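Two forms of the same protein chain are encoded below as structure tokens; each is given separately, as structure 1 and structure 2.
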Structure 1
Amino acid sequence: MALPTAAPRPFIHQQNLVEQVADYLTQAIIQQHFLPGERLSEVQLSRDLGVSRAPVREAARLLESRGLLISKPRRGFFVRALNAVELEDVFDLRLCLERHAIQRLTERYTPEAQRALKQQVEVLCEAAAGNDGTRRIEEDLQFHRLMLHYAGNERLLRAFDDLAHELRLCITLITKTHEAPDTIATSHFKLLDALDSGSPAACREAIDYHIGVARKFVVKGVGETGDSSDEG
């Protein structure tokens, strides 16, 4: 009888390392330590993080698959600068997902879902009162993720999770150009009011308005920063 083989610990450790580097780069991009269009230096990052270049390269490839970086032959990886057309595509898909989700949610809006969403808006408002922009973005996404979770379609949720990487870039633009970032948080109460009404029409109107405002500020952000293309 063959003896059981040991788990490939070095491989698992390496994968964890890649994820850690990817998380670091994601936060650095969201916090705009690396600006749109900026080239990432594998050598400098490996020195700063105290790791070899291999996990840095693998993490960059992972972020490329998530839409946060782009690669250019013989030039390396660059922070992606979403242009207006790409932003419209992101918000168009987001609207499709969340319209369907909120419609499903009106049909199964349980007291548990109501409590969870209300609590998350309170957490979001608390985060908006602080100076941690990254936390505001994550709590904002978590509210919308909870909506899709309680809509009861795992594939819908998975599609949102895939889109969320690019949405982080979009929300960064919103918080950068919005005159009062705390109103972004309180605007989620209108979605709760629509869900409480039980009206599918009111819910559709609320989500259309909510995402439409977000789209407006993202387009404004692109105009003010001059980000018109990720080529260059």
Structure 2
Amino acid sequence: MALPTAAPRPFIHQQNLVEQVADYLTQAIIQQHFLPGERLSEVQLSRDLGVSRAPVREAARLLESRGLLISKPRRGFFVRALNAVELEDVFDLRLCLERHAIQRLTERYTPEAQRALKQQVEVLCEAAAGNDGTRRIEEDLQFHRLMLHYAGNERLLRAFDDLAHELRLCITLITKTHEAPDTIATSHFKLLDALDSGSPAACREAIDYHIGVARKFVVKGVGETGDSSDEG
């Protein structure tokens, strides 16, 4: 069974201008080089990147479908600005998907899945100890991707991946408030314990707690930085 390939490029040709532009824009947005609500000029971008407008437009469409950009006809593309309500919605949907996933997972919890998840938690803990905030987030997401993957519904995983782009957006939006390494470890080990117990109720409780913690962190962060509510 092929492990899910998370972010950038494990393989495959990167001679694709569209993908390159999309990656560039994604990074730029997540790292806040563009402010939320900011308008992106196609000509400006194509000049900066040294390509024509066609691949820029296609990449922008791609990011629009991922919820990172918003297109307004005859106006152009704008960086998605999440307000508090939308943020709650994102985490609520995440809860919806992961509850379902973990329930399915209890019905097909193979030793292979157990091993892979445990290993990923270790990787995550290692990453959490370091300073690279981006990597910590990616390893965290990768753990959840693994859960979704072993839940045995690829479409469910795709839905999570779609959502993950927005998750990155609002998580890195408040990169200052990051959880302590031991909190992360505890939180994920609880998930593993619940899965090992085989009890759906315990799993549900664990995932509710887990996502609730993450949600609280982000909501708190938005409260501190002030929510970005401007988008006509």
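Residue numbering: structure 1 sequence, from 1. In this text, the rigid core denotes the largest set of C-alpha atoms whose superposition between the two forms falls within 1.5 Å. Quick caveat, the model's predicted, so the values are computed rather than measured.
- Comparing the two isolated chains, structure 2 is the one taken from the form predicted in complex with the DNA; structure 1 is not.
- With the core held fixed between structure 1 and structure 2, Arg94 has its Cα displaced by under 2 Å.
- Relative to the superposed rigid core, Leu124 undergoes a CA displacement smaller than 2 Å between structure 1 and structure 2.
- Taking 2 Å as the criterion, Arg155 does not count as shifted between structure 1 and structure 2: its C-alpha moves by less than this amount when the rigid core is aligned.
- For Gly67, the Cα deviation between structure 1 and structure 2 after core superposition amounts to 2.5 Å.
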